[in-house]
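Just the one chain here, the form predicted alone, laid out as structure tokens.
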């Protein structure tokens, strides 16, 4: 699933290419990909509007239009946004096709889990519920040791599960929670309330570092995620545990193990993450 670094990469690449562009036409090729409003109203609401800016909140990509409307994409498991030359035909898994002044913008989603929303002038009607209840992003100044430790103290769940809670760690998913816990030396199964303040501080630092480095490397391409030009990110070359089960740890050479926590696959090093 695209996480904060992947969606931030898309945002950074889209902004200079489509800002100021008029949406000439809109085609919804898979009606159930539009969560709000109806597909017909969705297209009518976009036609002839102009892109003002491209923003992001956690895993949500938000295209703000001159009219004040917000075009929101939730990429979910396999959604991607690609930009092609004007006149390019939709691709195999294109679900929404927008023709702009100089480009075609395609929302591609092979599994049809991602969703699109067109929200009127900052109203909450139709807004995805997850977007309204986000916690703080780890790369934000407000994500401090005190903030995270206060949440840890209240939770008996495994620390990995707490990191995946979007009400607490907005934008973090399986990839970066595994990587941050490895670099912090914390076992994913540790009960959150047992993580000390000092350990929490170390985890906050590693989480920030991992996310920022992943943004610099244009995200992690281990599934369907690609950048807006269709090329891969490169952070997958720097992973220490994610999808490396059965391989030797890059630090101690111990075999990386995998387990399930809350129905989510989790990877860790038994030696580097002793407790």
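Numbering follows the first chain given and starts at 1. Keep in mind that this is a model prediction, so the values were computed, not measured.
There is another form of the same protein, the form predicted together with the DNA; it is not shown, and what comes next is about it.
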Are all three of 74, 115 and 173 close to the DNA in the model of the complex, meaning a heavy atom of each within 4.5 Å? yes
Just one of 254, 265, 19, 25 has a heavy atom within 4.5 angstroms of the DNA in the model of the complex, so which one? 265
Can you work out which of 86, 156, 205, 197 has a heavy atom no more than 4.5 Å from the DNA in the model of the complex? 156
Would you mind picking out the stretch of 97 to 105, 179 to 187, 197 to 205, 147 to 155 that comes within 4.5 angstroms of the DNA in the model of the complex, counting non-hydrogen atoms? 147 to 155
Decide whether residue 59 counts as a contact residue for the DNA in the model of the complex under a heavy atom distance cut-off of 4.5 Å. yes
Are any of the heavy atoms in residue 191 no more than 4.5 Å from a heavy atom of the DNA in the model of the complex? yes
Quick one: does residue 41 come within 4.5 Å of the DNA in the model of the complex, counting heavy atoms only? no
Taking 4.5 angstroms as the cut-off for heavy atoms, does residue 126 touch the DNA in the model of the complex? no
Residues of stretch 81 to 115 in contact with the DNA in the model of the complex (4.5 Å, non-hydrogen atom): 92, 93, 110, 111, 112, 113, 115
